[in-house]
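In the block that follows, a single chain appears as structure tokens, in the form predicted on its own.
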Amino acid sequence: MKHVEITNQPKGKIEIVKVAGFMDMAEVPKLEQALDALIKEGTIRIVLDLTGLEYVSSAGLGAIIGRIREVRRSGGDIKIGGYSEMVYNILETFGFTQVFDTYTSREEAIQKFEA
């Protein structure tokens, strides 16, 4: 059974959250906890680096959407900064590329925050 690994890296006022592995429904609480902890600390500019993520379930996407709504109400955003081809295909198939700001790299997402 593959698991999800989540690591945080601050970059100024932006928090980069790298998510790697396999995010099925059983692994979603790890992402929820990581994002909730950042939001509770007042972090509202988050870049999700999904380049190492092999799979994300609909529950994982739902967890991201819920947190995006929360940070957007506070004037922030969560941007997708990098993704595997598999994850992008999932995002695109279900129309999430219309909901998420998606960029091919975390550097590009960071630049959008800094613009």
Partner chain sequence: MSVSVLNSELEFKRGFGLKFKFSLAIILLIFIIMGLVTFVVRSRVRDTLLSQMQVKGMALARGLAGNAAEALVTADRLLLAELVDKAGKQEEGILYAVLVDKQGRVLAHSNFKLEGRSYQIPAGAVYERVKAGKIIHYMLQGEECLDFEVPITLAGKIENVKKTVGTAHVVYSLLPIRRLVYETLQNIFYIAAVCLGLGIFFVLFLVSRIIRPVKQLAEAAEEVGAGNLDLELEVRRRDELGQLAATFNHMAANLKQAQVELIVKERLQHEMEIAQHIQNLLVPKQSPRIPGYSISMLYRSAEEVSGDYFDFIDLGKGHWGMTIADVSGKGVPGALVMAQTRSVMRSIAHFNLSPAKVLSQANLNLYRDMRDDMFVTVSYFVLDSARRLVTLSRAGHLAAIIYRRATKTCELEMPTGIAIGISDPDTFDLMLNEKKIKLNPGDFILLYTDGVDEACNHAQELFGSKRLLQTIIKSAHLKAEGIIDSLDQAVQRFVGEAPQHDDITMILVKVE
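A quick note: this is a predicted structure, and the numbers were derived from the prediction, not measured. Residue numbers count along the first chain shown, from 1.
Not on display, but discussed next: the form predicted together with the partner chain.
Review point. Do Gly52 and the partner chain come within 4.5 Å of each other in the predicted complex, heavy atoms counted?
Key: Gly52 lies outside the contact set for the partner chain.
Check your understanding: Is Leu61 close enough to touch the partner chain in the predicted complex, meaning at least one heavy atom pair within 4.5 Å?
Key -> Taking the distances in the predicted complex, the answer for Leu61 is yes, it comes within 4.5 Å of the partner chain.
Check your understanding: If you check in the predicted complex, is Lys40 within 4.5 Å of the partner chain, heavy atoms only?
Key -> So Lys40 does not count as contacting the partner chain.
Review point. Does the partner chain come within 4.5 Å of any heavy atom of Gly75 in the predicted complex?
Key: Flag for Gly75 set to no.
Check your understanding: What residues of 14-48, in sequence order, lie within 4.5 Å of the partner chain in the predicted complex by heavy atom?
Key -> In sequence order, Phe22, Asp24, Met25 come within 4.5 Å of the partner.
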